[in-house]
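Read the single chain below, which is given as structure tokens and is the form predicted alone.
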Amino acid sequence: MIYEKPRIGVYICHCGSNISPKVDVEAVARFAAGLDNVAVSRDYKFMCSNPGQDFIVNDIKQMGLNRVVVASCSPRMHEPTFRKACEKAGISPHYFQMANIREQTSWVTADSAHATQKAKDQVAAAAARVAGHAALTSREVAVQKSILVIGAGIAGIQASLTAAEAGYDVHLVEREPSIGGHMAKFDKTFPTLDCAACIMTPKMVEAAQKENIHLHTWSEVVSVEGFVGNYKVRVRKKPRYVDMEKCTGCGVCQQKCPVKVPSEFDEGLAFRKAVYSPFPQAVPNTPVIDKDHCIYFQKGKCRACEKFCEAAAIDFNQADEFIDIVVGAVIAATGFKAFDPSPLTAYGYGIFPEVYTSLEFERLNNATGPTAGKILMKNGQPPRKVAIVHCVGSRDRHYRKYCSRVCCMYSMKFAHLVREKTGAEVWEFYIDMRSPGKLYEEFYNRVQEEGVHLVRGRVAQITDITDHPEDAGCLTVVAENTLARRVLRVPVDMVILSVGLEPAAGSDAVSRMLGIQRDADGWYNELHAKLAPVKTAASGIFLAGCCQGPKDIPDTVAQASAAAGEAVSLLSRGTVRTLAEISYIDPDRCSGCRICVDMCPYSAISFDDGAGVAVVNDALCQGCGSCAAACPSSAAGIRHFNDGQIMAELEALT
């Protein structure tokens, strides 16, 4: 039913103890009752609850309301909730306006009287604005029932398998020669000490064998355009210089290659050839030729790999290949990188050969690593004393302020493995021990029972200056024991730096392509930390794993499955509804300057040469407003944010 004159219902939420202790909610409701066009004004403890929504539905039906204002929390949280209530009662969901008196008022205003007055002003502005709202329409658009997953660590693989099991085509893109990510480098996983390869390798093989999972390794996503349900993606497949169809994975080319290069997979502790597979269980098991170190590419000679390849799989003429695909949803699983402790010169990394990062120790301890799983020093002997330093680069205002979550647990895992394999004396230096997961506290207790020395205190320095002649050749760890209130100088043979996690290299470029916001530390922002932890502000874009923040393997797998579930849920309907709050261009005002065409970040505006005006593609437009801000003739505008609505809101505020 459409009404000539606005009849507004105003509803003020107490939000439990979030708003009412600071804002006099009853006074705001009484004030709202006297505003122009307001037919009813109420307050209620929880407007988002079923009884609160029933107030709105019943008042619309019984009192003939045709506009609704709710003053409560952020529209990001509950605007869809109240819009659905309006729609349920029979009026357009766009006849609703929300006033945020929680985040913008009660949470940030110290004085109660000031907060109450501010809330009144916000409600008055919302009521003035909603009177000018119009019923907007959107349309259904068919979706592509396929999903792009960026990053093939454990998060990307799990998300791909979950979506593929639901019957969807999945394009899994990985920039390294093999899928597997960081987990492929691990030997054991805490707290149960399962073999990482025993968990990971079957999943890698399953991902490769699934008919509806299309692996794009040694590849990168270079562009993502379009809109939810219909994203046009371009993938650059880098040349391997090895024909994947012909290669049998025999490994002869790697044996015959004369060039040795530090292995990235082994964190520089071992060497690989210029033609190489990162590790024995690599998927796909087709090697890659490192163009930067291959003698043929550098000097035009050698070609030993080609000479000895019986399958004739070596192809030096390969070039970049670009693949265009269309997907309905995108899952970002770009992962993390380990903090580089080189700037922390006091810890001696890169100065003393027996100071290792956590990932270096993972390879040192791994059965497929450079020492076949034996924990040995550079001289080939096992260490007698080992120090493990927590929070390197984390919880540090000079580097990363946040806790990286996994460091305490993997440090205790290292302590157990060192004790088990070498019997060495182990000293762990920590700030606070954090073991909040299932069976984590039990693992903490187990390590203590195994005789590991746990010292609460930050390490100040690692030096090769020793206090006693018998410790010659050792490193000395200088740290404060804050519980005993004394400084310790502990001689050790080996130091392991438990470095924190950072956003993966290149994640900033991916975020710009996908339109994902990042927090101050560079992690991807979810839509809502509690209610939408895998969604983003960009429709159809989801998050999985450590790209969203540091987390352990169980949490990563859970979030990856959740992201796949959200993507499948979105696409299973077969269509998506386009936004209603999008741009429009008045052809009578358009001067044909084309500024809006260049400004649009979604390529949603084209120029009609015949009519001489710009035209908006409703399906592509995301309502960002760039065109409206740039248009010199005021021909471009945004539905639901027109000049009349905004000016009415401002006039009520002032």
Partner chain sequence: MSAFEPKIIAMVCNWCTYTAADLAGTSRLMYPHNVRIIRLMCTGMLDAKYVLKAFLEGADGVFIGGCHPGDCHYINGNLKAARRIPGIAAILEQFGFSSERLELKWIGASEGPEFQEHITRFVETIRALGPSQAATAMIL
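Nothing here was measured: the structure is a model prediction, and the numbers come from that model. Rigid core here is just the name for the largest C-alpha set that superposes within 1.5 Å across the two forms. Residue numbers count along the first chain shown, from 1.
This protein has a second form, the form predicted together with its partner chain, left out of what is shown; the following refers to that one.
Participant: Among V487, A110, A372, L483, which has any heavy atom within 4.5 Å of its partner chain in the predicted bound form?
Facilitator: Checking each option against its partner chain in the predicted bound form, the one that comes within 4.5 Å is A110.
Participant: Which residue, P601, G610, G34, P51, is the contact with its partner chain in the predicted bound form, using a 4.5 Å heavy atom cutoff?
Facilitator: Looking at the other structure, the residue within range turns out to be P601.
Participant: Classify K535 as contacting or not contacting its partner chain in the predicted bound form by the rule of any non-hydrogen atom within 4.5 angstroms, answering yes or no.
Facilitator: No, K535 stays farther than 4.5 Å from its partner chain in the predicted bound form.
Participant: With a cut-off of 4.5 Å between heavy atoms, is M63 one of the residues that contacts its partner chain in the predicted bound form?
Facilitator: Answer no; every heavy atom of M63 is more than 4.5 Å from its partner chain in the predicted bound form.
Participant: Do K118 and its partner chain come within 4.5 Å of each other in the predicted bound form, heavy atoms counted?
Facilitator: Yes.
Participant: Considering non-hydrogen atoms and a 4.5 Å limit, does its partner chain approach S74 in the predicted bound form?
Facilitator: It does: once its partner chain is placed as it appears in the predicted bound form, S74 has a heavy atom within 4.5 Å of it.
Participant: Going by heavy atoms within 4.5 Å, which of 23-31, 51-59, 36-44, 616-624 lines up against its partner chain in the predicted bound form?
Facilitator: Going by heavy atoms within 4.5 Å, the stretch is 616-624.
Participant: Suppose contact means a heavy atom within 4.5 Å; in the predicted bound form, does that hold for all of D194, Y410 and S435 with its partner chain?
Facilitator: Heavy-atom distance to its partner chain in the predicted bound form: none of the three under 4.5 Å.
Participant: Taking only heavy atoms into account, state which residues of 628-654 are within 4.5 Å of its partner chain in the predicted bound form, ordered by sequence.
Facilitator: Residues within 4.5 Å: A628, A629, A630, S634, I638, F641, N642, D643, I646, M647, E649, L650, E651, L653, T654.
Participant: Could you check whether the CA atom of Y584 moves 2 Å or more between this form and the one not shown, using the rigid core for the fit?
Facilitator: The answer is yes, as the C-alpha of Y584 shifts between this form and the one not shown by 2 Å or more after core alignment.
Participant: By the 2 angstroms cut-off, has the C-alpha of G522 moved between this form and the one not shown once the rigid core is superposed?
Facilitator: Shift of 2 Å or more: no.
Participant: Taking the rigid core as reference, does A125 move its C-alpha 2 Å or further between this form and the one not shown?
Facilitator: It does, since the A125 C-alpha is displaced 2 Å or more between this form and the one not shown after the core fit.
Participant: If the C-alpha spacing of I605 and S539 moves by 3 Å or more in the predicted bound form, is that a move closer or farther apart?
Facilitator: Residues converge in the predicted bound form, at least 3 Å closer.
Participant: Knowing the shift is 3 Å or more, I'd like to know if the C-alpha atoms of P533 and V70 are closer or farther apart in the predicted bound form than in the shown chain.
Facilitator: Farther, not closer.
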